[in-house]
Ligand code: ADP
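The chain below stands alone, shown as structure tokens; this is the form predicted on its own.
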């Protein structure tokens, strides 16, 4: 019998009725003669509620206890799913990370799975049992509970698929797949049937919220096909796989946009070696993620302007660090909070000339000014005024025949 890993997100297990539906989905795979491993998130809203409680207790809640606290939500959903399956006549049992055990490395709150002990789970599967695994968590070498960070349950599912050599890893969520762009922004957005790891990684890192980049990276490194489906409908989902499995390659697979950017510009910075490093070093030490960076060429070879983008949430920290930085001097500091990044993604652009021109000309035709440009092998990102995002997405979606 082949193994399948089914992962259910928080909205999929968000109520008793939804958990009953999840149990029926699990049973459908058992009837197809699969060995089924289930990985579940906490019920929607549970983890956020636990985080709020921790903040009421302490402004500096100790990280090891924080992991114990926020990982407890998965215990509830595990027990409810297992309880329902047993009620329907199927042998099932819940497993916390420490019971498997799922071994992790790294810091509390951002650990990564290094090993999964297969012995107990394999024995349970061979006795026709259905293990329900708590996602998002593991245990470190000190036998303390750890968590895997945002999207950690997806990472748990991917790693179970790796260690148990599963034929499929299916992520059940509240959307029925990956779309060419956010359907909330553009109604003409279309579901993508098959997408490469690389394209999906870029889309996730640029704003698409179906899966977190770390989980996709694990899937890519271990060559695990991931199917994203809705637990609320019976529609086909989106398969995330390697490039060679995709036969109908479009130039552009999808578009993304962001909602939480800020642009910072330092005018009149001294044009000398090491100045950019002096600006960004304190930001790096304080975990401020720098995204797009542009440095203008110096006309007088004495001064230059440096522009970069960050998350809006990091703006106050960034401004404070820049103003405290005695190693840099500048004439003026300009901030723009009303910006968004719009990106086109597709492996097809590697072999297709003219993509950059088409993107820029399409935006120009709509009188949308480009503030900053960033590119990679399979994506082009531009920073524009936030008010033009919907117009830009609509025009680019049409230009690259995604309608």
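All of these numbers come straight from a predicted model, not from anything done at the bench. Residue numbers count along the first chain shown, from 1. The term rigid core refers to the maximal set of C-alpha atoms that superpose within 1.5 Å between the two forms.
Beyond what is shown, the protein has a form predicted together with adenosine-5'-diphosphate; the following relates to that form.
_residue 130: touches adenosine-5'-diphosphate in the predicted complex, heavy atom cutoff 4.5 angstroms_ = Residue 130: no contact with adenosine-5'-diphosphate in the predicted complex.
*residue 183: heavy atom within 4.5 Å of adenosine-5'-diphosphate in the predicted complex?*
Residue 183: contacts adenosine-5'-diphosphate in the predicted complex.
*Please check if residue 111 has a heavy atom lying within 4.5 Å of any heavy atom of adenosine-5'-diphosphate in the predicted complex.*
It does not: once adenosine-5'-diphosphate is placed as it appears in the predicted complex, residue 111 has no heavy atom within 4.5 Å of it.
_Given that adenosine-5'-diphosphate is not shown alongside this chain, does residue 173 nevertheless sit within 4.5 Å of it in the predicted complex, heavy atom to heavy atom?_
Although adenosine-5'-diphosphate is absent here, residue 173 would touch it in the predicted complex, with heavy atoms inside 4.5 Å.
*209, 302, 285, 91: which sits within 4.5 Å of adenosine-5'-diphosphate in the predicted complex by any heavy atom?*
When adenosine-5'-diphosphate is considered in the predicted complex, the option within 4.5 Å is 209.
*Contact residue in the predicted complex, chosen from 100, 224, 178, 266 - any heavy atom within 4.5 Å of adenosine-5'-diphosphate*: The residue from 100, 224, 178, 266 that makes the contact is 178.
*asked:* Just to confirm the contact call: exactly one of 113-121, 306-314, 285-293, 201-209 touches adenosine-5'-diphosphate in the predicted complex at a 4.5 Å heavy atom cutoff, so which is it?
replied: Stretch 201-209 is the one.
*Judged by heavy atom distances of 4.5 Å or less, which residues of 352-377 approach adenosine-5'-diphosphate in the predicted complex?*
Contacts from 352-377: none.
*Shift of residue 393 between the shown form and the other one at or above 2 Å (CA, core fit)*: It does, since the residue 393 C-alpha is displaced 2 Å or more between the shown form and the other one after the core fit.
*Under a superposition restricted to the rigid core, does residue 259 display a Cα displacement of 2 angstroms or more between the shown form and the other one?*
Yes; that C-alpha moves by at least 2 Å between the shown form and the other one.
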